[in-house]
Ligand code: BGC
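Just the one chain here, laid out as structure tokens, in the form predicted alone.
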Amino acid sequence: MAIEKRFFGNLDENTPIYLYKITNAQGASVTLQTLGAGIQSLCMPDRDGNLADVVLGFDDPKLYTDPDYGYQGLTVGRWANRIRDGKFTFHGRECHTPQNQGSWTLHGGGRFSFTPWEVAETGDDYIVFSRFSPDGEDGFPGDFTMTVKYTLTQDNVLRIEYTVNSDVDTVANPTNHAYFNLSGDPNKTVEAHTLQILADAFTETDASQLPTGVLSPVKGTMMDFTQPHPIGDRIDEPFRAVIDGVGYDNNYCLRSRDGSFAPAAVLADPSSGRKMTVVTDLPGLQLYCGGWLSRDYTVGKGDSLVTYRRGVALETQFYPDTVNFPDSFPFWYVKGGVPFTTVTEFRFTADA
């Protein structure tokens, strides 16, 4: 395998964005961008060996920086998901983070996603992106460096390894915000995809979708994906933790919560046979099916548009707002001078 580099476009006259493509011996490939250390395309075979791009995205890098378009494929940091009222206390220090979603913080304020990253290293089958964040940037403590290493294996596994180094104790909750549509068909939503999530509970939320601190069982509710079934089966059922018309945008409490590297979810498209298994060492998984995206957007890659329910995000993470529930939600913070690493894999296969 080898990496191909090409120019993608400019954010402005002084900020070029580049693409790096890794292709394996089977022809599967991932294309990564310096903007937000993000996934721009991911081509995987169906049951007949036909390749198709299975993630949503854009042909113009500037579109990735519009938060209304949903952080397509981008790395999220320092803290993924929500922080209530844009504040938390850590080691006695009160931290104030950007209130970029009403009164609360979403995805750390967006800085990690919407700015270019450095390319720190490349190999035949991997690339490492890096970003430095000074102490106090967006309210978070510590001189903080995050690297994201993407590896594409010969057996169609996309491995993402996040490493954080900080000079002092701090918090971190990195994830990737790819939206998957395994059909590769620009005319299909993900409602016919089957999904299994290895979780027996979810985090309860209030009317603002912020955690209440309560973990509730999925059994007997529309939240239950313990057995695989189509996403669209119950997505529009009325339920206290789901906003009408939006559908799933919820954190699942994975069965493995002790840092073990274990399967978290299995997504499959019956029409193409493509299947993706998510494996992680983190305790949570945010299921989001693009319910906040407009039905009327005309942007995307070619005729594959970024629109309502066209893709499903499976974001491995600590639970939302864990920084305000450190004693009741599973959590391990970054210790100063000690590298913190977390790994997620997306493993692709195809059913006959």
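Predicted model only: the values in this text are computed from it and were never measured. Just count from 1 along the sequence shown to find any residue number.
There is another form of this protein, the form predicted in complex with the named molecule, and it is not shown here; the text below is about that form.
Partner contacts here mean any heavy atom within 4.5 Å of the named molecule in the model of the complex, and among 228-236, 106-114, 180-188, 146-154 they occur only in 106-114. Only one of 162, 129, 252, 71 comes within 4.5 Å of the named molecule in the model of the complex through a heavy atom, and that residue is 71. Checking 81, 280, 170, 203 against the named molecule in the model of the complex, a heavy atom within 4.5 Å turns up for just one residue: 81. The named molecule is not shown here, and in the model of the complex it never comes within 4.5 Å of any heavy atom of residue 64.
Residue contact with the named molecule in the model of the complex: residue 216 places no heavy atom within 4.5 Å of it. Contact check for residue 315: a heavy atom falls within 4.5 Å of the named molecule in the model of the complex. Proximity of residue 209 to the named molecule in the model of the complex: non-hydrogen atoms within 4.5 Å are present.
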